[in-house]
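What follows is one chain in structure tokens, specifically the form predicted on its own.
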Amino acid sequence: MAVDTEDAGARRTRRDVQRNMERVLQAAQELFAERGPDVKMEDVARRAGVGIGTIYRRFPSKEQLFAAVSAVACQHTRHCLAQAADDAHDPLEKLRAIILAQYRQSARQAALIDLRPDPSGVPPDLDRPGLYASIHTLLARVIAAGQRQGSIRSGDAQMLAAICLELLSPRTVQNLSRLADDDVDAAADQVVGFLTAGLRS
């Protein structure tokens, strides 16, 4: 009986730890998205409703917490863009869907999305490429499909995808959205128009 009680207590403790960690990651995601990397660990603890020690036990530094939250944001962005492409039918529709999804993701969490070709200090992960590589591959596939179909002009699909990516960085999204009176969808539509005009066969 005592063993059962101990097991139940251990399970309850694990659930509490898991719940606290979920609250920490959610709070960190919100704060980093709102303020960028200048957030203090105390702010995260306060918003999550946990003690500061709870965070430091899992994340010894703010940089490690930021990296963990950024990795989740990039993974979510990767999924959203792939889903947007899957939901569209022809290559130009897919391109529009990818651009719109990226603009919406960047508007929500620009500080967390790392869209550099080769993040400095991060060794390449061959099993899970960075967000830039994932989006580049997705765009190159869409462009190549459009070329085969005849709706997208001929040219090096890899190079055309890289050109498209230059207009999808979070900083570009922020700048163009400001010019469009903070209307992210309107900014995305301008980029879609610009790119499709250049890519059409």
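These numbers were taken from a predicted model, which means no experiment stands behind them. Quick note: we count residues from 1 along the sequence shown, nothing fancier.
The same protein also has a form predicted in complex with the DNA, omitted here; what follows describes it.
Proximity to the DNA in the model of the complex, taken as a non-hydrogen atom within 4.5 angstroms, holds for one residue of 141, 153, 57, 47, which is 57. Contact check for residue 51: a non-hydrogen atom falls within 4.5 Å of the DNA in the model of the complex. Using a 4.5 Å cutoff between non-hydrogen atoms, residue 41 counts as a contact of the DNA in the model of the complex. Interface membership of residue 177, defined by any non-hydrogen atom within 4.5 Å of the DNA in the model of the complex, is ruled out.
In the model of the complex, residue 17 approaches the DNA with a heavy atom inside 4.5 Å. In plain terms, the part of the chain that comes close to the DNA in the model of the complex, with a heavy atom within 4.5 Å, is 58-66 out of 27-35, 157-165, 131-139, 58-66. Contacts of stretch 152-191 with the DNA in the model of the complex, defined by any heavy atom lying within 4.5 Å, are made by none of its residues.
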